[in-house]
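Below sits a lone chain in structure tokens, taken as the form predicted alone.
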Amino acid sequence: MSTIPQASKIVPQRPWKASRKDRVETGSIFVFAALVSILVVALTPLKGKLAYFVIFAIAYLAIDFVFHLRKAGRPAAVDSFFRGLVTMAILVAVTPILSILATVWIRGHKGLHLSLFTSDMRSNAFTDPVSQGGLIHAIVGTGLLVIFAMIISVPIGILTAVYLTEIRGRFTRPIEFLVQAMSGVPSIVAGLFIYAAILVPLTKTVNGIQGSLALAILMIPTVARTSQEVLKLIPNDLREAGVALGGTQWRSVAIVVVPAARSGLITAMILGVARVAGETAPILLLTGGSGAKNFNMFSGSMGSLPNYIWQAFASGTPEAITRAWAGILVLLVIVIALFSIARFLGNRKVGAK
């Protein structure tokens, strides 16, 4: 009589998990492909890191294909080839990102010091020693520019998404086309529009609110498209329940649909902020780039991190270059933090509190 094994003694099987033999074979193919790339670069005019990588990729795919063809047949060889191709594509995509992060950290951390976040450049030049002056004025300016851009763009973007998703009136298709077209508008075009429509005929001087208007133009498509996709995830049962309880369409949207998509809408807002936080062209054109703190958005030039970085690089001295890389590092940390928050909120279930 057979006995049923106890549940505690059953070991789950993972046939897809690579065995030790598979790992040894993959490592051997990797080493052989690396040796081939070294030999080819040494014996041919091809030189440089790019040559090593390209030859290694070709050699690895070819050797891996032939190995699996002889071992398990053509289907396994084709599967292995495309798996290796996808892996190479991932490496090509990730390597520049890691290189950028490493370069910014290596060159930027040298310019970090305490006064960098407590002082401005009102009494200092970019050619002064790095320990003198700071970028608090640029951080304040960037924060104010982004906040006012949010005040303008977030309501417009969310209401546009509500119209496209819930109302779906006669102008739905034209508005969707315009929103999609605006997503690809270069930032300098938005800056030139505000310059020609407001600065030249009306204010005739630079100030912060003009920069926020340009950033809002760039931010609206991101907020609208992301909010539209979030609202599409809300089940129709919630909309029908709101109407069944006697609510009008507007009240159902305002009381049921929008609160259910709250975390997703916050994610859309944060993605929009991250989209415009590092924009340079409209800021250089419209805000002036003061070296002192300015809390008045409607009067006087205003500093920002992109402007600070541009002015530091334009100075050209080693001290100024170090300041520029420190500013890039601070801006990159801000953008990564915003994307991380958006990612965290985006992973939550729509409607979760």
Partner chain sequence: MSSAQVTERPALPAKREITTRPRFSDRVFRAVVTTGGLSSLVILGLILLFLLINGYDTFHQQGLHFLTSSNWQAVVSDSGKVDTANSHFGIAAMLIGTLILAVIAIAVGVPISVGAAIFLTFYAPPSIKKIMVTAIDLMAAFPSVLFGLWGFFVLESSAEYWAKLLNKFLGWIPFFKLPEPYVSRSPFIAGLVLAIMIIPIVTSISREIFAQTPLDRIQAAYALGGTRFAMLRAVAFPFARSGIVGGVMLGLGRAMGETVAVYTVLNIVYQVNWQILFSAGGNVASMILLKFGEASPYEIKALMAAGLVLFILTLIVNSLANLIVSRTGKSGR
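Positions refer to the first chain, counted from 1. Between two forms, the rigid core is the largest collection of C-alphas that superpose within 1.5 Å. None of the values given here were measured: they were computed from a predicted structure.
The same protein also exists as the form predicted in complex with its partner chain; that form is not shown, yet it is the one meant from here on.
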Verify the flagged residues I255, F295 and A342 against its partner chain in the predicted bound form: is each one within 4.5 Å by a non-hydrogen atom? no
The listed residue (L101, L112, L233, I147) that reaches within 4.5 Å of its partner chain in the predicted bound form by any heavy atom is L101
Only one of V36, A57, L69, I321 has a non-hydrogen atom within 4.5 angstroms of its partner chain in the predicted bound form; which is it? I321
Is the gap between I136 and its partner chain in the predicted bound form 4.5 Å or less for some heavy atom pair? no
Does any heavy atom of T280 come within 4.5 Å of a heavy atom of its partner chain in the predicted bound form? yes
Contact of L192 with its partner chain in the predicted bound form (heavy atom, 4.5 Å): yes
Considering non-hydrogen atoms and a 4.5 Å limit, does its partner chain approach Y52 in the predicted bound form? no
Stretch in contact, per heavy atom within 4.5 angstroms of its partner chain in the predicted bound form, of 296-304, 60-68, 25-33, 280-288: 280-288
Mind listing which residues of 162-201 have a heavy atom within 4.5 Å of its partner chain in the predicted bound form? V162, Y163, I167, F171, R173, I175, F177, L178, V179, Q180, A181, M182, S183, G184, V185, P186, S187, I188, V189, L192, F193, Y195, A196, A197
Taking the rigid core as the reference frame, is the Cα of N124 displaced by 2 Å or more between the shown form and the other one? no
Superpose on the rigid core, then tell me if the C-alpha of I55 is displaced by 2 angstroms or more between the shown form and the other one. yes
